[in-house]
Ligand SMILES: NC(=O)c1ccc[n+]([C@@H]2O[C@H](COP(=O)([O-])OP(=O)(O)OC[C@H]3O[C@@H](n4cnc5c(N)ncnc54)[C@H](O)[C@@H]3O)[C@@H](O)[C@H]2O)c1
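Before any questions on how it binds or moves, here is one chain, the form predicted alone, in C-alpha cells.
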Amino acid sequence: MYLDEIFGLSGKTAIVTGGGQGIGQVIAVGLAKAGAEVVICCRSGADETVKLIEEAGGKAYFVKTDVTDEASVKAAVDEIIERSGKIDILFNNAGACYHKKAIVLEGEDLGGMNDGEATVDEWRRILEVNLTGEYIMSVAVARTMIAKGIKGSIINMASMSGTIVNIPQCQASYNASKAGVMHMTKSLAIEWADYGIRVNSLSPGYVGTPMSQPPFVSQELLDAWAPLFPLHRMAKPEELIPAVLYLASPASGYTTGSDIIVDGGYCCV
C-alpha cells in the first residue's frame, strides 16, 4: 500500500502524445497499469495501444491530435476535459529525427551513416515537432490545470542528444531541438511553480524499438553504435517506465525543472 501511495496513479488522467507505437506505447501501458486513465494523442490511430491497455485491465481512449497545430491541440484538450473531467499528467512524447549532415560535399561517401544534406525546411520540421509541439501541448494542458486547480505533472521527452552530440550520424536539428526541450522545461517549471504544476524532462539514450532497427536505421550505423554502449546494449523501452512513473506520481512532489537521463552511462564516456 505504501508504494501505491507514492507511485500510484489511481484516479488520474494522463495524456501520452505519440502513443501509438514505440516508446509512447510502452509508457502508455505503464501509466495505465499504475492506475491512470490514459488518453493517446497522435495523428494516426492508436487501436493497438488502447487494446493493450484494456487487456491489462486499464482504461484508455484515442483522440486524433496534431501537436504542431494549435487548433488541433485545443480541440483535443477540450474533448479530453469533456470526457474525463480533468488532466493530471502530460507525457510529451511525439517526436521526429533526420540523420542528415548540414553540408555534404560533392562526391562525399556517406557510408550508410547519413541520408544526405538537410534542408532548412527539414530543420524547421524537426523543431516544429520536437520543440514547438511540446510547447503547444504543455501550454494547452497547463491552462486547464490552472483553471481547475490541478497540481499536475508535465513530462517532456528530451534526449541524451540534448547533452551530448551523437556519432557517427549527423543530426544537428534533432540535437538542437532536444537541448531546447530541456531549457524550455526549466523555464516552464519556474513559470508554473506557483500553481503547483511540476515540469520535468526525460532524456533516454538509444532505445531498442522498431524505429532503431533496419530498415529505419542502417546496419552500418547499428554496428558503429555498438562499441559505444557502456552497458553493451540499447535500453529496453520498459526500462523508461520507472522514471516516468516517478515524475508522474507524488513520489516526485519536490522535483521540478529537472532532467532525468536514462542512457546506460553513455553521457559519462
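Start at 1 with the first residue shown and count on from there. A quick note: this is a predicted structure, and the numbers were derived from the prediction, not measured.
There is also a form predicted together with this ligand; it is not shown, and the following applies to it.
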Legend entry - G95, S159 and Y174 each touching this ligand in the predicted complex (heavy atom, 4.5 Å): yes
Inset, instruction - Scan L31, V67, V39, I53 and let me know which has any heavy atom within 4.5 Å of this ligand in the predicted complex. - result: V67
Legend entry - Interface membership of I23, this ligand in the predicted complex, 4.5 Å heavy atom rule: yes
Inset, instruction - Check whether R125 has any heavy atom within 4.5 Å of a heavy atom of this ligand in the predicted complex, and answer yes or no. - result: yes
Legend entry - 4.5 Å heavy atom contact, G205 to this ligand in the predicted complex: yes
Inset, instruction - Report whether the minimum heavy atom distance between M182 and this ligand in the predicted complex is within 4.5 Å. - result: no
Inset, instruction - Determine which one of 185-193, 116-124, 150-158, 82-90 lies within 4.5 Å of this ligand in the predicted complex, judging by heavy atom distances; exactly one does. - result: 150-158
Inset, instruction - Output the sequence-ordered list of residues from 212-240 with at least one heavy atom within 4.5 Å of this ligand in the predicted complex. - result: S212
